[in-house]
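One chain comes next, on its own, written as structure tokens: the form predicted alone.
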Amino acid sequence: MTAAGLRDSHGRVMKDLRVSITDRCNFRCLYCLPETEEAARFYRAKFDALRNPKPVALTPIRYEWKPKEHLLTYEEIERLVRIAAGLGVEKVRVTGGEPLLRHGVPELLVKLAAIAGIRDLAMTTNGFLFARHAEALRAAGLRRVSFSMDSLDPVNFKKMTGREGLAEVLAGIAQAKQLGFSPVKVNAVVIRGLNDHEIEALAAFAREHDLSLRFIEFMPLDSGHAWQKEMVVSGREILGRLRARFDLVPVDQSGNPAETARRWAFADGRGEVGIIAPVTEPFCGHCNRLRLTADGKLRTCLFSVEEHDLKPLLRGDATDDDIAAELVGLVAHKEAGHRIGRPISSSRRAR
């Protein structure tokens, strides 16, 4: 292991590792995998409304899940996280796809929670299965959870996710609060013409239930490349609407410049809102994150054009020091900034 840790050529030190444990998902969010007829109709209508002279052609997408043997085993994930922790990584977030579709997630969390140096273990989930697994996840060492919930309206929820399930997600959020997960965060991707009319309602929900609500600008994370900047509701616009409705107090974030969200607390002390604005206000200069895909590829940026396959090392004769050296070398060439508005990876969304 090297004492220099995971430092890139821009002086940024990597402390945060996002670990996808499956590419499978039980939702079909139209901003993520817009292969459904409903999603195609929405995007085509938006293109027409915007009078785009060159609308994006949406061809049917048949996403094939990766075979199980292509995915990293829990033992391989544990080994890689342990090596990364030895290089200074302190935070691990388990993601997907939908992570709770993979069997035995608590078993993995026990392994990760026991790794020396990991002081923050979290998960991002769509929440549909969370309530039934919540107690086991808590007992395994999970302390923080973020839910993806873009709408409080059952009809709009189904339009965005491709299925009914709002009641299950709300039950999962309530269960997380009851079991003492803290903070409980809710992430909402805001798309103009689809759910931007719910901004105030989502914030009111966060205040009522003492949650952290994160509004996220619509990013180009779809396999069909259907993203259009005109559909982005900027962080500035979101904040203006929130301030017009609520009394908000800025949260002091000086101690964590790498945090992605700009945050405001409700003046009465119940809950907070945050805005993640990678499109209009990029935060790449302080980025300290790496992402590991379910099949063992490292992305030094969510919008990386290329991925670096670590699986041959994990399944070959490489020692921990060999793998550590590879990580150090890859991080040294981390991109200065993301590629929004330019050609991006066609990989499916990794939350």
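Residue positions are given as counts along the sequence shown, with the first one as 1. All values reported here derive from a predicted model rather than from experimental measurement.
Although not depicted, the form predicted together with a small molecule is the subject of the following passage.
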For this session: Decide whether Thr95 counts as a contact residue for the small molecule in the predicted complex under a heavy atom distance cut-off of 4.5 Å.
Result: yes
Exercise. Just to confirm, Val189 within 4.5 Å of the small molecule in the predicted complex by heavy atoms?
Worked result: yes
Exercise. Does Thr124 reach the small molecule in the predicted complex, with heavy atoms at most 4.5 Å apart?
Worked result: yes
Exercise. Heavy atom to heavy atom, is Met219 within 4.5 Å of the small molecule in the predicted complex?
Worked result: yes
Problem set entry | Residue stretch of 82 to 90, 114 to 122, 67 to 75, 181 to 189 approaching the small molecule in the predicted complex, non-hydrogen atom distance within 4.5 Å | 181 to 189
